[in-house]
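Encoded as structure tokens, the following chain is the form predicted on its own, with no partner shown.
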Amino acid sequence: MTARLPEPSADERAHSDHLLAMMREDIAVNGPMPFSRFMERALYTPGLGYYSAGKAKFGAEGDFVTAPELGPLFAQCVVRSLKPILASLGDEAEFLELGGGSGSFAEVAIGAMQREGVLPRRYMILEPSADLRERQRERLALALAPDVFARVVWLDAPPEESWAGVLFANEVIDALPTTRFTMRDGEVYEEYVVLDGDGRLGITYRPADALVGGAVRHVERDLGRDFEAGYRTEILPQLPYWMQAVAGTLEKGAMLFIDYGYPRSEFYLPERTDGTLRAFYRHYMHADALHAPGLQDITASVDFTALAEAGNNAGFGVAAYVPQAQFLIASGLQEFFEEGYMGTEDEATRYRLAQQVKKLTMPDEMGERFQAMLFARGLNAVVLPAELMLEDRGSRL
């Protein structure tokens, strides 16, 4: 048991043991499992993976808090920033949210779109978890008028037909199954999960295949230096293919990604010798990704330079790259805060609004650790959010 983590209940332990037994069988039959495969199974195995089972994930009752769970300010700002793009597309505009979480973002965003006069003809949610999908459906059915709720559709896969509008993803890239690698004698070795003599999960390394090795060498060339022996970190060699799969049919519009991470030069700092991988269990952050599969979130920071490259390869241009604090301030945060603050005399509500602002914008909270990246394709530059463009820090990429 990892030190200081809360003990799981008997039901939680049985749940994790069930998934663990499946992983052991997989390893016994197929040999060592790439860490990316382990992470995929730990998070997304139907009915057992962290995001695919019934346990609460978000907010005080879950394992971590996302920006939409803090209150309405985040979603209101996102809609304000995207308003000119949606308005320019008119009746053809659609909106695609990747991973709807608890449904809190969609609830506030759809209401804000109504008020801003840019309600899309469809609000699509691409949600792989059947459990989360049902929670989202119940929440939105209660919160929205029937004619508005009728515009919400859930997808099993990205749209196959061409469409126009906006794709939005908050804390999605960090949950993509990541590859872990290390360097030995100048060669790239990939991390694998194995079983020890007692059936416990452990780690070993094997020479990386061409895809992983090529991705690592590309990063080294871009950085202008080789990784030192023993350097251990993460990479997403599948990111360009994932981007093409989710956004390839978006022929006209924008994509907005918000996540925690760094430009490549900071992600792969020489002193960051053990990468960014971490796990979250009941609001405890720790380093044991193999602990209690199915009960904890596993995540890695985002290389935003790699995200920009993937978007470029899919036919999009980077319109703006900014820290979350600057993104929200440029998107009307002060206005929405004052509106909410002056709209109530309840001191508890006012306090919560102030705490939202602090959490979303302070450098030691989400303000600097989280970054926003806006892509555009087929749009006239004049419809892009001017205030956001002025804050662009794309030179850091």
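The first residue of the sequence shown is number 1, and the count goes up from there. These figures come from a predicted structure and were not determined experimentally.
The same protein also exists as the form predicted together with a small molecule; that form is not shown, yet it is the one meant from here on.
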| item | value |
| --- | --- |
| Contacting member of Glu107, Glu234, Glu94, Glu171, with respect to the small molecule in the predicted bound form [4.5 Å, heavy atom] | Glu171 |
| The small molecule: the contacting residue among Leu132, Ala310, Ala215, Leu144 in the predicted bound form [heavy atom, 4.5 Å] | Leu132 |
| Contact of Gly100 with the small molecule in the predicted bound form (heavy atom, 4.5 Å) | yes |
| is_contact(Gly202, the small molecule) in the predicted bound form, heavy atom dist at most 4.5 Å | no |
| Contact of Thr66 with the small molecule in the predicted bound form (heavy atom, 4.5 Å) | yes |
| Contact test in the predicted bound form: Tyr51 vs the small molecule, heavy atoms, 4.5 Å | yes |
| 4.5 Å heavy atom contact with the small molecule in the predicted bound form for all of Tyr44, Leu126 and Leu176 | yes |
| Option from 320-328, 144-152, 224-232, 68-76 whose residues, in the predicted bound form, bring a heavy atom within 4.5 Å of the small molecule | 68-76 |
